[in-house]
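Below, in structure tokens: the form predicted on its own, a single chain.
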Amino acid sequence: MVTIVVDTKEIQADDGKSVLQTCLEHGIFIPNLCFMKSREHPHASCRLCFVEIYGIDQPVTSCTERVREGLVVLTATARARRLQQAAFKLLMSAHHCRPKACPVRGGCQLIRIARHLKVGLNSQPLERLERAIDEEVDLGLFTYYPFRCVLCGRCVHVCRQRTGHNLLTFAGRGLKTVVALFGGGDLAAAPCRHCGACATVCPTGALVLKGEQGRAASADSSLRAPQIPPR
């Protein structure tokens, strides 16, 4: 164990654990979408988890920075907030967010992050990006909504971890990138029929499991995104 300071709060932390995971475990929320404890190497794709660390000139992503003795972390400085807000606006420029129609009970992680960062759910001042992709894709056991997807890779990772196979993957390039079935596989076959982790771990409701499978998956709270603690 080592001692670090986060926003003037002294905490005991595991040496070598990521700053992001350490903060979340101590009730200190840092915006994030792609983080998962089980990922050996951080994905660092959402670019939302910027913090400032004493002794480092520029803000850094907290999922890639490791805890060490004497570390001093600031999670809400003006520079860190500007980067977090800019990354969020960029995500929203390609994301169709309709809060009233959100399939995630209580609102998805994007809605929670917007409240935390005190920004709107639109992309202003950035222009909305037009993407030549389908609004809805039927993938057998679940429905995929590409415009809700933030390409965090959580579903791809948990699928490989749970099943041992690359059943889900990224397809396309640039603005046409989507989550797809690897090799046109069949998710109605085992082991998918008794899993549902890919939909449960999705932070934005882009993957929605159908029928009984969806209700069973929703009960697995261990896979859900970290909640923002009340202030």
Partner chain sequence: MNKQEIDARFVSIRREAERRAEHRKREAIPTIYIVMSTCGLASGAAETKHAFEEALSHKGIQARIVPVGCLGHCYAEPLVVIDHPASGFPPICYHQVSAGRARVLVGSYLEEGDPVLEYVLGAMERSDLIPSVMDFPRFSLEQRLVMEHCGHIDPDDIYQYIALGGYSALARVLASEPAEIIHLIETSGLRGRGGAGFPTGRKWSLARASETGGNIAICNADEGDPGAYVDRTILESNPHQLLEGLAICAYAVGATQAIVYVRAEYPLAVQTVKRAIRSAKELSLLGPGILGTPFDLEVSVFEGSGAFVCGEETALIRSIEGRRGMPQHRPPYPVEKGLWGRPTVVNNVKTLSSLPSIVQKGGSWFRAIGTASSPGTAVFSVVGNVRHPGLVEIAMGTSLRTLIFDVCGGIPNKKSFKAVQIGGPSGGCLPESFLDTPIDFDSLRQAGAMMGSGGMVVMDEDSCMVDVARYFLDFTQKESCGKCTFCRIGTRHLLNILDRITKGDGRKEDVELLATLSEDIKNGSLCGLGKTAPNPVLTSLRFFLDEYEAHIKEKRCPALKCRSLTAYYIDLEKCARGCEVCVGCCPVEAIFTTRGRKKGIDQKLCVKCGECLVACPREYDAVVKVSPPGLAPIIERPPDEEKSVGGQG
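Keep in mind the model is a prediction, meaning the values are calculated, not measured. Positions refer to the first chain, counted from 1.
Same protein, other form: the form predicted together with its partner chain, not shown, and the subject of what follows.
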> Is there a non-hydrogen atom of Leu90 within 4.5 angstroms of a non-hydrogen atom of its partner chain in the predicted complex?
Replying inline: yes
> Would Ser38 count as a contact of its partner chain in the predicted complex, using a 4.5 angstroms cut-off between non-hydrogen atoms?
Replying inline: no
> Is Phe170 a contact residue for its partner chain in the predicted complex, using a 4.5 Å heavy atom cut-off?
Replying inline: yes
> Given that the partner is absent here, does Arg82 sit within 4.5 Å of its partner chain in the predicted complex, heavy atoms only?
Replying inline: yes
> With its partner chain left out of view, which of Ala44, Ile53, Ala197, Ile28 would have a heavy atom within 4.5 Å of it in the predicted complex?
Replying inline: Ala44
>> Between Ile133, Leu121, Ala76, Ala86, only one gets a heavy atom within 4.5 angstroms of its partner chain in the predicted complex; which residue is that?
In response: Ala86
>> I need the one stretch from 133 to 141, 146 to 154, 113 to 121, 67 to 75 whose residues put non-hydrogen atoms within 4.5 angstroms of its partner chain in the predicted complex.
In response: 146 to 154
